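In C-alpha cells, the next block holds one chain alone, the form predicted alone.
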Amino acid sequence: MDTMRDRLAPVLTRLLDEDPRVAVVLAEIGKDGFADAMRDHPDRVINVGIREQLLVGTGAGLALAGLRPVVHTFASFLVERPFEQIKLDFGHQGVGGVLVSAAASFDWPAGGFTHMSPGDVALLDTLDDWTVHVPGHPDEAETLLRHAVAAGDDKVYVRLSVQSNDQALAVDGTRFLTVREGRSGVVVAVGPMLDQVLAATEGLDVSVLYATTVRPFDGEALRRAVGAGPAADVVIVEPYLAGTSTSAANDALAHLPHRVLGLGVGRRELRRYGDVDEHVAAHGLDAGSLRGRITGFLGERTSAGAGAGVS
C-alpha cells in the first residue's frame, strides 16, 4: 500500500492544474515528486532550498498576494524550526495557508531526534485558530488535503505519517466518527492509532470514537458518547505528545464530573533509535500496552461485550 505522503504530490499537482490560486512551497524535501508541476507551473511551485524560515515566510507572502499556499517539509522543520514565522507571518498578519508535514513523531528513527516532532500539535495549540487534520490512512489523507486546500483562507495543518490503519473511513474534515459503542467509558483514537485502539479494546464495554480532525476538537461528539450519566471516563490515544488534547476534552466535559487519561508519545527521548514498531512499543502505544493502560484506568467494569458500527 502506498503511504500518505505518496499521495501528496499527485493530489497537489492536480489541484495546481485545477485552481490558479494554489501554490506549493518546498524546502528540498519532496521536490522530486513535483518535477512535472514545476515544469508546468514554474511561478506557483517554489523550492527555497534548505531554508525553513524562508519556506514559511514565502508561503505567507504568497497568501498576502491572494494565493492559497501549501507548504511542505518534515514536521520538525515545518512547525518547530520556523515556529516564529508561523506565529507572525501567518498568524499576526492574518493570512491563511496549508502546512503539510511528513515524518510525524518518529517515522524515520534513523534520522535521529532532529527528524522527530511529537510536540508539533501541542506547539500549534499555543496559536489561535488553526485547523489540524491527522489522517489515519492514505485515502483519508487525500480527502483531508483537498478539504484543507479548499478551506477558503483558513490556517490548516495536515499531519502525514507512514503509520496507517488497514482501512480508510469516510472522514469529512470536521467531526469524530463513532466506531464502537459501549457503556463503561469512551476511548478517542486519533488518526493512525485507530487499529491499535480497536485491538486493545476488543471485548471491552467501551465506546470508540475516531478523530482525524482534532482542531477544532469535536466536543459535541464526545458529549454524545459519554451520555447523560452522572460522570464520565475518557481515554485519548494520540500519535504525538501524550496529553495534547486532554485540556480540550476537559473543556468539552466541564458540565459534569469526569476523568481524562491522555496516552501518546512520552516526553523522554529515546536515544536508541530502532524502528517505528519499537518506538510504538516503547511509548506504550501497541495494542497490548494500550489494553493494560486503558483497563487499569477504567477498571473491571469494562469487561462486558460492546457493539460495533460507524456513524
Partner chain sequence: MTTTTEPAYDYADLPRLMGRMTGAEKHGPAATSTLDALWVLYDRVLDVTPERMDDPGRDRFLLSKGHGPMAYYAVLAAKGFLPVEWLEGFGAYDSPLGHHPDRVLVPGVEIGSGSLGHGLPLAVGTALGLKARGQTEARVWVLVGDAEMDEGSNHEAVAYAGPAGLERLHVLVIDNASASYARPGGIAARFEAAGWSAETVDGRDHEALYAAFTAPHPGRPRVVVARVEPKEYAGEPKSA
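In this text, all values refer to a predicted model and were calculated from it rather than measured experimentally. Residue numbers count along the first chain shown, from 1.
Same protein, other form: the form predicted in complex with its partner chain, not shown, and the subject of what follows.
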Subject >> Answer range among 209 to 217, 235 to 243, 93 to 101, 126 to 134 for contact with its partner chain, defined in the predicted bound form as heavy atoms within 4.5 Å >> reply: 93 to 101
**OP:** May I ask you to state whether H279 is within 4.5 Å of its partner chain in the predicted bound form, using heavy atom distances?
**Re:** no
Original post:
Is A252 one of the residues lying within 4.5 Å of its partner chain in the predicted bound form, judged by heavy atom distances?
Top reply: no
Original post:
Could you tell me if G57 has a non-hydrogen atom within 4.5 Å of its partner chain in the predicted bound form?
Top reply: yes
Original post:
With the partner left out of view, is V260 within 4.5 angstroms of its partner chain in the predicted bound form by any non-hydrogen atom?
Top reply: no
**OP:** State the residue from L270, A248, V48, M38 whose non-hydrogen atoms include one within 4.5 Å of its partner chain in the predicted bound form.
**Re:** V48
Subject >> Listed residue that, although its partner chain is not shown, lies within 4.5 Å of it in the predicted bound form (heavy atoms), from A199, A110, L88, A170 >> reply: L88
**OP:** Using the arrangement in the predicted bound form, list in sequence order the residues of 47 to 76 with any heavy atom within 4.5 angstroms of its partner chain.
**Re:** N47, V48, R51, E52, Q53, L54, G57, T58, A60, G61, L62, L64, A65, G66, L67
